[in-house]
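Before any questions on binding or motion, here is one chain by itself as structure tokens, the form predicted on its own.
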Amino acid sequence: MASEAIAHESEHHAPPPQVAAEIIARELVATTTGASGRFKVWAWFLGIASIAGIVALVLKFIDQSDDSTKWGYVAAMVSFLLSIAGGAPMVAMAPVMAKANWVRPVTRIASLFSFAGVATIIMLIPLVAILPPLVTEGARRRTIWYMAPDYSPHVWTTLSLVLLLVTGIALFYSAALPDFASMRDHATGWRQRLGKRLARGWVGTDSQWRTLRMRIGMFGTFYFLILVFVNFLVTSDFGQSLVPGWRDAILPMYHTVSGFQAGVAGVVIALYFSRKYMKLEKYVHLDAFWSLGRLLFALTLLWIYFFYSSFIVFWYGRSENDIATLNLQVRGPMMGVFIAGMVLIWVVPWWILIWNKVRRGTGAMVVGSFIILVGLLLDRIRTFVPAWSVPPDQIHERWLKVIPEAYWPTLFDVLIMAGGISMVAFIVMMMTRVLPVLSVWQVQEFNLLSKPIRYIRGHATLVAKPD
């Protein structure tokens, strides 16, 4: 059995002492009960905001269902929610498959974001109804659906999002079986009954553990493939296909990578508040924030790489299509939004996360994560709002000859965007009332594989490598 020592520079980063397995199970299961007054206030606020957003979405559909140019902000919100709710579970999958020890206390809260895919689907429903068919008066608009049935984008985009939600929940459930058994043994009331039903006779045999790890790898791989496919459909059907002459092969991957960046930022924020207000400092170590900070910094650098790779094609192409695309997406009426988004999603986070002291802490990491999410929202707005602002009678032209005026959000749009974001936060918060916010078995496994030691003049964590 090999091992490695992870050093810490000061007493502040000294690893906490190990905790007995029985105490871990009992304390983490207890986090699902006894919600504080602050938690209840936020739950009510987010719940009401979510309902207000749904009502505004319905009223907007009744009032403006015949004018697709007014739905750009809803499309941007679908893209934004997909990035957060879809990208966050990758934190629960990719580092685990790489056998990263630091991620064990993080996987549960990352996988909880899978349930927030419900908010994305709710926002998608009216957007799919308004999306123009492939063929209008005998003319077929330029899409990826060559010679396909008229409503292929409507069907496949909806089906892929539902499949992503189901796969994410399957990934969550596969990793949660041992914790349902912990609820069966340590919880009371309806939580104990739920744990008994969902544990499915889990007792921790070698066969059950092998099956659990196999399912995590299988559903994690499926989830990644489906997520990339969904990003491809959303950027193609709800973005490029609505703008004549807009052809960008890099946009789907740009959208996917920036979604990973948003997912990590969302996990950092959720982990920070869970650690602080649920008193989980002895289970969520600072190493988790340090590692998430490095991952977030890498994704921030990848953002500018993929943006530049896409931008340079249009900049040097200089065809009528390329110039029209740049005028619409970068230099047009949304230029201010584009600059603000780039500053917040790349420049400011890069300057914050480049410092080791920031990545090894928590406060500045959370500030940087909030800035990234605001920048991503602005980036999604400058991508999808101009695309939906193109009048339907111009979709069949060879390129966009008249750049539409900027469409600024109405009260309905503001309520819809606030409601969508609130719905994601509300769903994640409510799921922490059902299952422990940290994975009991992975925290126990962390304790089994690591122990605090003295290293020269500082502290370190000695981590065993069982494989």
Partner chain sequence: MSTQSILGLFQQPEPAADAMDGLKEAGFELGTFDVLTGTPYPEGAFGEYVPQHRLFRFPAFGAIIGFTLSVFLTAATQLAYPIVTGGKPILSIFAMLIIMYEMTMLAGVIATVVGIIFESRLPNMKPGIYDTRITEGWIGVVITFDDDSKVADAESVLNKAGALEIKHA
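Numbering follows the first chain given and starts at 1. Quantities reported herein were computed from a predicted structural model and do not represent experimental measurements.
Another form exists, predicted together with its partner chain; not displayed. Remarks below refer to it.
If you check its partner chain in the predicted complex, you find no heavy atom from any of Y272, S291 and S309 within 4.5 Å.
Contact with its partner chain in the predicted complex, defined as a heavy atom within 4.5 Å, holds for exactly one of V203, A139, A98, A129, namely V203.
Of the residues F115, F222, F338, W102, just one reaches its partner chain in the predicted complex with a heavy atom at 4.5 Å or closer; this is F222. The stretch from 147-155, 279-287, 120-128, 379-387 that comes within 4.5 Å of its partner chain in the predicted complex, counting heavy atoms only, is 147-155. Using a 4.5 angstroms threshold between heavy atoms, W355 stays clear of its partner chain in the predicted complex.
Contact annotation for W350: none of its heavy atoms lies within 4.5 Å of its partner chain in the predicted complex. Within this chain, E320 is remote from the site of its partner chain in the predicted complex, having no heavy atom within 4.5 Å. Using a 4.5 Å cutoff between non-hydrogen atoms, D185 counts as a contact of its partner chain in the predicted complex. Taking its partner chain as it sits in the predicted complex, the stretch 154-179 comes within 4.5 angstroms of it through a non-hydrogen atom at W156, L159, S160, L163, T167, L177.
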